[in-house]
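For reference, the chain that follows is the form predicted alone, supplied as structure tokens.
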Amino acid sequence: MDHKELTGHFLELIRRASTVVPPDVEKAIRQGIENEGEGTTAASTLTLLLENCDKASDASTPICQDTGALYFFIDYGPDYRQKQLREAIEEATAEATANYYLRPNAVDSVTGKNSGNNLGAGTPIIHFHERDEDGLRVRLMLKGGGSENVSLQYKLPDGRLKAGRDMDGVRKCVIDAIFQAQGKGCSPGVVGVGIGGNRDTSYSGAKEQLLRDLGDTNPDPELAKFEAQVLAEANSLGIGPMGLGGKTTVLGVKAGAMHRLPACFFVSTAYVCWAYRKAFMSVKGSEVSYD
């Protein structure tokens, strides 16, 4: 596949992520409407969110005005090179910004100047994973600034929460993060949890959990039990959509665990708002599929 074709496919991936709500997210919001009950403020709020999504999809315009930071997770085979992929992604990002699929979101932290095309030092964020199989598997998430601001990292033990170095301590951290977010992260959100690792791998692992399907079950029975417990507990807090009250505070909780140093026990929460934008692409030879 030549450079122009590859860039075009990345552009389409970005467009889809920005303008089309994924099926699992739509299903979860509809389930929230059913759980809240007809005539409630929470149900009305969730209904408005879906109406917004329909209009965005029909007009091919962003679901949310903050199109967020671009996180690419790329599994690439021996027929591709990182330099080639990075160049195509950067060109597609600039073109997507020019086409208004993305808002200019890359600001120089020293000068305060916006690059105007979502390119700059450290952006887009690209995680490369080499594999033996030919072709590409690309996962893209657009993560807004509001939800990033309410993401938190803890270190266990935590005296304030009376949280020890065990899964109950992890649970207390995640519930605290959700409680602190209230409606500020544009709830209902989804929470990715990174258990263990170090400062940076714990956060990046939490964000990668957000690429899972909301309807899946964690293959680790202990983590599956943890996810279900935290989801139920979070939705009993009464925070609800946009913090206005209700039973739907989070749409999902997804957790992964990593080995850690004996001296360290980090728990990271990656919160993403209801505008949960993710899109996937597979490339095999000249065949391209999106999901």
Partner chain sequence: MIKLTLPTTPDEIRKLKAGDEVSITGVMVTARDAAHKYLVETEGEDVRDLLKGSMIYHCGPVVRKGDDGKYTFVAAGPTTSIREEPYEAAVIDKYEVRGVIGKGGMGGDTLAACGEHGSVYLSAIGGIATTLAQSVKEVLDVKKLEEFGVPEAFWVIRVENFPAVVTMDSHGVSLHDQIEKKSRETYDKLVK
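Residue numbers count along the first chain shown, from 1. Predicted, not measured: the structure shown is a model, and the values here were computed from it.
Not on display, but discussed next: the form predicted together with its partner chain.
A.B. asks: Which residue, 91, 176, 75, 208, is the contact with its partner chain in the model of the complex, using a 4.5 Å heavy atom cutoff?
C.D. replies: Contact residue from the list: 176.
A.B. asks: Tell me, which of 120, 146, 196, 135 has a heavy atom within 4.5 angstroms of its partner chain in the model of the complex?
C.D. replies: When its partner chain is considered in the model of the complex, the option within 4.5 Å is 146.
A.B. asks: Is residue 114 part of the interface with its partner chain in the model of the complex - any heavy atom within 4.5 Å?
C.D. replies: Residue-level check for residue 114: yes, a contact with its partner chain.
A.B. asks: Whether residue 56 contacts its partner chain in the model of the complex should be assessed with a 4.5 Å heavy atom distance threshold; does it?
C.D. replies: Contact with its partner chain, yes.
A.B. asks: Please determine whether residue 184 contacts its partner chain in the model of the complex, using a 4.5 Å cut-off between heavy atoms.
C.D. replies: Answer yes; at least one heavy atom of residue 184 falls within 4.5 Å of its partner chain in the model of the complex.
A.B. asks: Can you check whether residue 264 is within 4.5 Å of its partner chain in the model of the complex, heavy atom basis?
C.D. replies: No - in the model of the complex, heavy atoms of residue 264 and its partner chain never come within 4.5 Å of each other.
A.B. asks: Even though its partner chain is not shown here, does it sit in the model of the complex so that 45, 233 and 236 each have a heavy atom within 4.5 Å?
C.D. replies: Heavy-atom distance to its partner chain in the model of the complex: all three under 4.5 Å.
A.B. asks: Can you say which of 220-228, 30-38, 58-66, 251-259 gets within 4.5 Å of its partner chain in the model of the complex, counting heavy atoms only?
C.D. replies: Only one stretch passes the 4.5 Å heavy-atom test: 58-66.
A.B. asks: Would you give me the residues of 241-258 that have any heavy atom within 4.5 Å of its partner chain in the model of the complex, in order from first to last?
C.D. replies: Residues within 4.5 Å: 242, 243, 244, 245.
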